[in-house]
Ligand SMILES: Cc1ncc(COP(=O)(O)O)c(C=O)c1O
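Consider the single chain below, provided in structure tokens and representing the form predicted on its own.
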Amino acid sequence: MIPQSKWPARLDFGHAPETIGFWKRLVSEALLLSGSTPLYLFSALPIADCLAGLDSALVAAGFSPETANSPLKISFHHWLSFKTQPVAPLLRWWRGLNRPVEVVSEFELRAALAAGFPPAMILVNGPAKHRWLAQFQLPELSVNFDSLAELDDLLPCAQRLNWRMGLRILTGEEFDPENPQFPTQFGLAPEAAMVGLKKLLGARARIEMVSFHLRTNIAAASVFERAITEVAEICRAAGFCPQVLDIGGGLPVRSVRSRGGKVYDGEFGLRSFAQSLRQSVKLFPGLRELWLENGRFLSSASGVLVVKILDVKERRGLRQLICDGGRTLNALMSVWEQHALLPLPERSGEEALTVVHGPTCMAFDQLARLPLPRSLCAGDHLIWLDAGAYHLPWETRFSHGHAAVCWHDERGLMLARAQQSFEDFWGGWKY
């Protein structure tokens, strides 16, 4: 037997009763609508709430909303990080808000165009764009170059099509989270950034932006302060006064913890972050716009994963639930994170240390390990919260098809994607 003192804490993570009730009601409706599990369920309402909170903090700090166009204040602009939750109804919902979108691949750019975004409302980021972007010949795009090779290859096209251009700079605050002694592969190191800025200025290009993106779940506003100071020094040395500062994303998510139990947003406050930004942007004379590309911060709480218990096993003091979805198929983030888990229907009584497994033939397929009621049985459902960011993009077809997807917004609940059939799973092979 495993002693109770070694059990992890119950994974509720401070979710409000209203939040839990909202998802349970919506999941019950979605199960009737989809008729299948595993199921992703996404809602626009938590995104709208999160956006409103961030907007309020920025306005209180003295920034101007993008719709105000105040000549006396720096305006802020939220770019939807499409890669974070590539769901077609979300893209159309965001377009309805008249907000712009950030893309990092050819498919994402095609999706944004198909959803009705004009090129002037599309920001193209990511590495190696020079291998695919020029084929589109789109005027008025916003593009952050990621390397000198990109700059050299795309500059003639960019000038001809009047792109708003910028550089992504690799600051000292950006590093591989798993190996902090090494930098990431993105952006231009300071020396290369100096070369790039001078080349663009010498070519009289329409260079307006300077950009950086640090990583996910930034622990404190001081990390942004140091990165902004470094970028300002590079711009000053190159003789460049940007009109736009793009600080990427990285704000920490709420109600999610690391596998070791760390609270990601424990030291982070939106109002203090916004006030810190207001002071930092003074380093850029003539700055007109502040761009933010938060993905997980906006969308993490907007989705849940629903799985059904198929079988129950007990051995060596451990209870094991075999479900039709799990880490391998639907929730790779569970390798690094712990999320709240809700039984549906509600179960109570004696608890046992329980591992929630997916259906694949891998010991790796463990969604959670926590105390759960022994009354849970085959046929019950489990709701894994905060599955709105990067879960669908990392979905696999390991012996199974893709899950169904339901979408919810002000209009109600709809089935956005049916569970993948065998014909779709197998029919793509040509030989």
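We number the residues from 1 along the sequence you see. No experiment lies behind these values; they were computed from the predicted model shown.
The same protein also exists as the form predicted in complex with the ligand; that form is not shown, yet it is the one meant from here on.
Colleague: Given the stretches 82-90, 344-352, 304-312, 331-339, which is the single one in contact with the ligand in the predicted complex, using a heavy atom cutoff of 4.5 Å?
Modeller: Answer to the contact question: 82-90.
Colleague: The ligand isn't shown here, but in the predicted complex which of H213, K129, H357, H78 has a heavy atom within 4.5 Å of it?
Modeller: Filtering the options by heavy-atom distance leaves H213.
Colleague: Identify which of G187, G196, G295, P100 has a heavy atom within 4.5 Å of the ligand in the predicted complex; exactly one of them does.
Modeller: Only one option qualifies, and that one is G295.
Colleague: With the partner absent here, would N125, G249 and Y390 each sit within 4.5 Å of the ligand in the predicted complex, counting heavy atoms only?
Modeller: Yes, because N125, G249 and Y390 each have a heavy atom that approaches the ligand to within 4.5 Å in the predicted complex.
Colleague: Is R327 close enough to the ligand in the predicted complex to count, meaning some heavy atom within 4.5 Å?
Modeller: Judged by the heavy-atom cut-off of 4.5 Å, R327 is well away from the ligand in the predicted complex.
Colleague: May I ask you to list the residues of 159-178 that have any heavy atom within 4.5 angstroms of the ligand in the predicted complex, in sequence order?
Modeller: Stretch hits: a single one, R168.
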